[in-house]
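In the block that follows, a single chain appears as structure tokens, in the form predicted alone.
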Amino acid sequence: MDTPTEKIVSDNQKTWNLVCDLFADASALPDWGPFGIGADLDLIPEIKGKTFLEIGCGSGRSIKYLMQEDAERVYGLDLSPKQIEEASRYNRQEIEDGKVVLIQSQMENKIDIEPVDFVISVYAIGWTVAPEKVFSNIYSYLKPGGVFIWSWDHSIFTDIEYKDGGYYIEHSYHEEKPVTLIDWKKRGTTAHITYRKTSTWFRLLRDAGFNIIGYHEPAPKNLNRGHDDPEKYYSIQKAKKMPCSFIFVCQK
């Protein structure tokens, strides 16, 4: 029996409130994912004087980076009140100066902001329960010609697991069903996520009206971050064999 959407969102919000401290220093701009992927791609051609919205702003590290690069204004959206609290603490001066505005909401809900030059998201979009709504919202937030850049776990990476000294395909790439993670991160909480095929993401973006102007599957850059246990989900051994992340660059 399918889990109701409302319960999925509620469970995920509670989960991120409980695990947010574990991700305070997780991937953030200029990185687009684990192992420093994408930092050398120069995906945002100009930050100074531009306006941004970050979907899934987490602890606010990417927002701080954009501010340090002289962005005009940055909006941050996150489902978790605890994440918003941490992002507020980390960007307190910029908020007081009116340069940063944080919004606590699920990404599927439409928010009222000025049109922005860029919408970005580092490892958050994949949590959505309704990607059609999210992409439609993002399209509406952008100025004409605006750019949407986002990263997520590569669809192949999620199907591969380490066992008996090697990597094996443990899940069907073609099966796009929701997955429930019990006691995620050993915090006694439940998380829900749906892994989708790469072709599905392409279709959803195009259906929303986006022109896909870039698609990247970067190799890992930082090879000595302590992720050397092959049994861990994010292990450098696994990331060397297959892309751990993809990055879409889309234009309105």
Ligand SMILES: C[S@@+](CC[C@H](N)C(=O)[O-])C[C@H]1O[C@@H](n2cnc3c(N)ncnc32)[C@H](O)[C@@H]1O
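Residue numbers here begin at 1 and follow the sequence given. Note that the coordinates shown come from a computational prediction; the quantities given were computed from them, not determined experimentally.
Unshown form predicted in complex with this ligand; subsequent notes refer to it.
*Asks:* With a 4.5 Å heavy atom cut-off, would you call Ile95 a contact of this ligand in the predicted bound form?
*Replies:* No.
*Asks:* Does any part of Asn91 reach within 4.5 Å of this ligand in the predicted bound form? Heavy atoms only, please.
*Replies:* No, Asn91 stays farther than 4.5 Å from this ligand in the predicted bound form.
*Asks:* Is the gap between Asn137 and this ligand in the predicted bound form 4.5 Å or less for some heavy atom pair?
*Replies:* The answer is no: Asn137 has no heavy atom within 4.5 Å of this ligand.
*Asks:* Evaluate Thr158 for contact with this ligand in the predicted bound form, applying a 4.5 angstroms cut-off between non-hydrogen atoms, and reply yes or no.
*Replies:* No, Thr158 stays farther than 4.5 Å from this ligand in the predicted bound form.
*Asks:* Taking a heavy atom within 4.5 Å as contact, would all three of Gly58, Ser105 and Ala124 count as contacting this ligand in the predicted bound form?
*Replies:* Yes: each residue has a heavy atom within 4.5 Å of the partner.
*Asks:* Just give me the single entry in Ala71, Val147, Val100, Leu79 that has a non-hydrogen atom within 4.5 angstroms of this ligand in the predicted bound form.
*Replies:* It is Leu79 that has a heavy atom within 4.5 Å of the partner.
*Asks:* Within 4.5 Å, heavy atoms only, one stretch in 138-146, 79-87, 163-171, 111-119 touches this ligand in the predicted bound form. Which?
*Replies:* It is the stretch 79-87.
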